[in-house]
Ligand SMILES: C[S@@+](CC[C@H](N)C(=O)[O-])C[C@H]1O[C@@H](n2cnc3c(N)ncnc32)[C@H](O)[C@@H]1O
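The chain below stands alone and is given in structure tokens; this is the form predicted on its own.
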Amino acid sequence: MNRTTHDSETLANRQQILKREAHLRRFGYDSPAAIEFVLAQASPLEGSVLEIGTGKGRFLVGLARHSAAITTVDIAVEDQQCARLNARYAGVEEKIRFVVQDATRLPWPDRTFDAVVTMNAMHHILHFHQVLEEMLRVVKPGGKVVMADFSPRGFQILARAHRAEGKTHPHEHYDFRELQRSLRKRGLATWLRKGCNQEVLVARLPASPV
């Protein structure tokens, strides 16, 4: 990629992302490897994909390289602007629709998307179970829901990285095995994987509505 084609704002945003990734890597968290691990568990992601929790767009860019059409939602306008610049740098911005929205009240009709995904956003969401209900609502029969967040060791790494900056990282805790049991009781096929300091739960809806 020819970096001279990017404006100063896009380049500055990219440098901030690389700086953050380097900081986390010093404590043992490899963000690009984690993203590839999650995508490997989630793939294939065909058709229309909804992402919950845009953040700075790290996962979004990886997702856009595997999917043709993505809608991403977040309540933070500033984060979505960073994500838009990150997508622009990667050359995938045209694949993405950015929506500022509370994920507990998604604006789409039932059965809109082929897949709904989220990575490292769950621990920021106070009422994730409400969000999960919305994720399930907007997925088509036979579609896929992918939930990924830091593993216990990943959260420990994150805490150390924040302490080194004089910060804390409060987070909500959700038990992936409990979520898996709940989804199985509702008739969804599920698989749970750990790797690269991540936990990933993938659930596939039945081909006909439950």
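Given the structure is predicted, the values throughout are model-derived calculations rather than measurements. For every residue, the number given is its place in the sequence shown, counted from 1.
The form predicted together with the ligand exists for this protein as well; it is not shown, and the discussion that follows is about that form.
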item	value
Close approach of residue 139 to the ligand in the model of the complex, 4.5 Å, heavy atom	no
Proximity of residue 67 to the ligand in the model of the complex, heavy atoms at 4.5 Å	no
Contact label in the model of the complex: residue 101 to the ligand, heavy atom within 4.5 Å	yes
Contact flag, residue 75 vs the ligand in the model of the complex, heavy atom cut 4.5 Å	yes
Output flag, 51, 58 and 121 jointly within 4.5 Å of the ligand in the model of the complex, heavy atom basis	yes
Contacting member of 82, 92, 125, 135, with respect to the ligand in the model of the complex [4.5 Å, heavy atom]	125
Proximity to the ligand in the model of the complex (heavy atom, within 4.5 Å), stretch among 139-147, 36-44, 58-66, 178-186	58-66
Residues within 4.5 Å of the ligand in the model of the complex, restricted to 141-166 and counted by heavy atom	none
